[in-house]
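Single chain ahead, written as structure tokens, the form predicted on its own.
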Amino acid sequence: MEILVAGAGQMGSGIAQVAAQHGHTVLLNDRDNDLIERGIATIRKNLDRGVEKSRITQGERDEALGAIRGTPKIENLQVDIAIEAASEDFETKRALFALLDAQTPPHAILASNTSSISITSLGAATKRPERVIGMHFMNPVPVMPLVEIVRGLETSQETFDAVHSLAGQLEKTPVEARDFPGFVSNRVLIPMINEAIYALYEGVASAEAIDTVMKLGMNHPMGPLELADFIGLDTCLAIMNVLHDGFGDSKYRPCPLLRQYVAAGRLGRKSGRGFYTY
């Protein structure tokens, strides 16, 4: 299968790696060649680590890398499925879906890795809403086994079945969710993170104490504030805004401290500082 991954960042490069390791030809797209090369360098580093730890052979590493090529242009692409992995912003994704609709064959499925944005709305930006679907991978993609599959209002059964089958072929566990803001994963996860930020904001405990309570008391592998830094505080804020706007419920109001940190450029690991310093 020929797969386009639109977006070569952390999520996109992970999706491209997994697809290539499972026998698919992958086109990795981003705005410019530097971003694409950075994504491929991340994939190469991950695969090299796999060889070092004897998880894959040198031959498998070389075969996977050989199955990926970069393209800075989305233009007349003969692919079977396009998986969008752009930033969590509706207008960015809507414009990208309109472009994918115009530049891929009519039979191609257009999937979004969005973690919160309406699949129905993205489908409405195309002339093939029945072939638009959510395919939400978890981060880091090569490690996490879940894919949340989200039907839009117009998504056909044929499209759902094809994506469900692809997820299984990629050795992921597909779980169906309806097209509500945040789906299942982030409707539960991000408000929990937001509440942890409120606990810090209100002086209930330190960041370290909050994370320790959740790790040792609730058996979470990572505390919510450390996890927020890993996800990106800007992404957490974007998802909280989608939930707040989508449900109109004050319980989804983003914590003012989260807004303040994002405004200050304290975005977590990717900026070197969030609730912790990296």
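Computed from a predicted structure; not experimentally measured. Residue positions are given as counts along the sequence shown, with the first one as 1.
Note that the form predicted together with acetoacetyl-coenzyme A isn't included here; everything after this is about it.
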| message | Contact check in the predicted complex: Met138, Pro142 and Leu227 versus acetoacetyl-coenzyme A, with a cutoff of 4.5 Å between any heavy atoms. Do all three pass? | response | yes
| Listed residue (Ala125, Leu189, Ala199, Leu170) with a non-hydrogen atom within 4.5 angstroms of acetoacetyl-coenzyme A in the predicted complex | Leu189
| field | Heavy atom within 4.5 Å of acetoacetyl-coenzyme A in the predicted complex - the one residue of Ala64, Leu243, Ile231, Val26 that qualifies | value | Ile231
| message | Residue-level contact is defined here as any heavy atom of the residue lying within 4.5 Å of acetoacetyl-coenzyme A in the predicted complex; does Ser112 satisfy this criterion? | response | no
| message | Taking acetoacetyl-coenzyme A as it sits in the predicted complex, is Arg31 near enough to touch it, meaning that at least one heavy atom pair lies within 4.5 angstroms? | response | no
| said: Please tell me whether any heavy atom belonging to Gly217 falls inside 4.5 Å of a heavy atom of acetoacetyl-coenzyme A, as the geometry stands in the predicted complex. | reply: no
| request: Answer with yes or no whether Arg55 is in contact with acetoacetyl-coenzyme A in the predicted complex, where contact means some heavy atom within 4.5 Å. | output: yes
| note | Among 32-40, 65-73, 248-256, 217-225, the stretch whose residues bring a heavy atom within 4.5 Å of acetoacetyl-coenzyme A in the predicted complex is 217-225
